[in-house]
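Next up: just one chain, as structure tokens, the form predicted alone.
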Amino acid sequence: MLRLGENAYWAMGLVLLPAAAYVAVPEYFSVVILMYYYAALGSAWNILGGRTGQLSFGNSAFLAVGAYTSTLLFLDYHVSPWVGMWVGGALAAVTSLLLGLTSLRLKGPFFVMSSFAFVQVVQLLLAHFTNITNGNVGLVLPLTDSLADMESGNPLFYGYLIAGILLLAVSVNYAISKSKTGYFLSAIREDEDAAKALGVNTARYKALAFVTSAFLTALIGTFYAQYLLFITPTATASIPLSIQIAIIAIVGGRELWAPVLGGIMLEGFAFLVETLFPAIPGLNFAVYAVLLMAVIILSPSGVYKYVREHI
């Protein structure tokens, strides 16, 4: 009952926070959207990195796949982003499956380096094919203010859109944790060789985690494109963003709501730092580094577990 109650409280909080923030502090409402955005990215990463133990720094590439797929379908073929986001998710899933057939055989630093390389390749491809992607100049989406185009003049729309995607990512995590797949992924994380010896098809389940994580990340990519109405290769497929996504999940922990807490906490701290010390560029990254070191030293399992045990 405690676990069910905890899930209900978190879900209610995520649903109520956008409306409360919009009424109380509308000038800072974009901060709430960014908190949810990074929390969703962390939750999607957690399926592969947290539950399966595969330290990947390639998720921003799938964010780019989702953003560019829905945007190009919208600009060139007038396909609604509500449809394009699922096409982008499917394309990211297929891409991750093809990539996973080779890269998931690697272990440790070799897999990490392959994920870095994948992000760089995607970024270079997006910058190279200027006739399709407009290169480093980027793509600008038209402002229509139409819900059919996943746009609205009311910021609250975007708050609940990303809240819905975040809850979807959390729900997928929950479903996996309660299934046979979740137990297999945990076994792979703890000792892949032992899991394989016990008959677990480790390649299949790692690929499944990879595909699921990529699919959810691509959906978030469509939100990113429609919210900002502007995308570039460096803003989507970038190594710093991939590292940031991983740090959010690592700081939060592997528990169901841990990446959500990590995203809210880190982005909240980053906002405070940028507000209090606007003359010091990049200070928010220093805050990330300090928090990461603090969590590793004080609570290696993540801040969520520490908060549950001590507060």
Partner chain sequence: MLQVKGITKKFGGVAALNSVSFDVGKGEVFAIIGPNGSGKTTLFNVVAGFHKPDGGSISFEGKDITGWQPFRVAQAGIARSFQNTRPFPDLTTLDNVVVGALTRHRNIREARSKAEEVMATVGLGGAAGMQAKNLSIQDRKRLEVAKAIATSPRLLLLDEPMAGLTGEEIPDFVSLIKRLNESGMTILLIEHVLYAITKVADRLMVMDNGNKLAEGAPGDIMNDSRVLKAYIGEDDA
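Residue numbers count along the first chain shown, from 1. Given the structure is predicted, the values throughout are model-derived calculations rather than measurements.
Beyond what is shown, the protein has a form predicted together with its partner chain; the following relates to that form.
### Task
Tell me, please, which stretch of 89 to 97, 75 to 83, 143 to 151, 197 to 205 lies within 4.5 angstroms of its partner chain in the predicted complex when heavy atoms are compared?
Among the candidates, contact is made by 197 to 205.
### Query
Hey, in the predicted complex, does S186 get a heavy atom within 4.5 angstroms of its partner chain?
Answer yes; at least one heavy atom of S186 falls within 4.5 Å of its partner chain in the predicted complex.
### Message
My question is simply whether N131 lines the interface with its partner chain in the predicted complex - judged by any non-hydrogen atom within 4.5 Å.
### Response
No, no contact at 4.5 Å.
### Query
Taking its partner chain in the predicted complex, which residues along 160 to 193 bring a heavy atom to within 4.5 Å of it?
Stretch hits, in order: K178, S179, K180, Y183, F184, S186, A187, R189, E190, D191, D193.
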